[in-house]
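Only one chain is given next, in structure tokens, and it is the form predicted on its own.
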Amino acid sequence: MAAGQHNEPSPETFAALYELIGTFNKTGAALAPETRFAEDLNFDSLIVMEFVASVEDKFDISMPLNILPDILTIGDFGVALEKLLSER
């Protein structure tokens, strides 16, 4: 999947991430590329790991855990996901 812009994943990637995030979004926060996992969605480390596992299952990938500290928003996650998908 090619990103629409330098730091913005494709609409298809966003749609897939929004669907996956929905089950973890206990705050009811609106989902947008700039939505932050910790501050807006209140994701703690356990929820992050469960979310990553669901992404890995859906896309049949393995996400390196060392990139997670750099991922703050849904947009960041989408960019990282598309990079991983393009490398396989």
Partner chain sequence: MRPTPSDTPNLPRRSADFDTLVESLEYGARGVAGFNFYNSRGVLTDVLSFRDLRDRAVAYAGRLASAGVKPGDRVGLLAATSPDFQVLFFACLYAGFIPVPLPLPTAFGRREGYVDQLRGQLQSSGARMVFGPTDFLPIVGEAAADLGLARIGTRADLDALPEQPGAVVKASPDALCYIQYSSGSTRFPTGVCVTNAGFMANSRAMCVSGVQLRTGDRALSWLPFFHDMGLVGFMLSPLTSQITVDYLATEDFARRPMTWLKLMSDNGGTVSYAPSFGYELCARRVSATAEGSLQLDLSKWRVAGIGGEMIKPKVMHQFAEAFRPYGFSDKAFCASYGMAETVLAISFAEAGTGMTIDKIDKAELAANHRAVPVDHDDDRTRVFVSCGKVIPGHVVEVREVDGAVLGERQVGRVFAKGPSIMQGYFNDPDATEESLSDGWLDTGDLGYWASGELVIVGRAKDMLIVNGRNIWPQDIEWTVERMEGMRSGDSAAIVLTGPDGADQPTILLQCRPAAKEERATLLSAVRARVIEAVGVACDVVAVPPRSLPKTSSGKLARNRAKTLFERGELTALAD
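Numbering follows the first chain given and starts at 1. Values in this document were obtained by computation on a predicted structure and should not be read as measured data.
A second form of this protein, the form predicted in complex with its partner chain, is not displayed here; the remarks below concern that form.
Its partner chain in the predicted bound form is approached by Ile71, whose closest heavy atom lies within 4.5 angstroms of it. Proximity of Leu65 to its partner chain in the predicted bound form: non-hydrogen atoms within 4.5 Å are present. Using a 4.5 angstroms limit between non-hydrogen atoms, Leu46 touches its partner chain in the predicted bound form. At a distance threshold of 4.5 angstroms between non-hydrogen atoms, Glu34 is out of contact with its partner chain in the predicted bound form.
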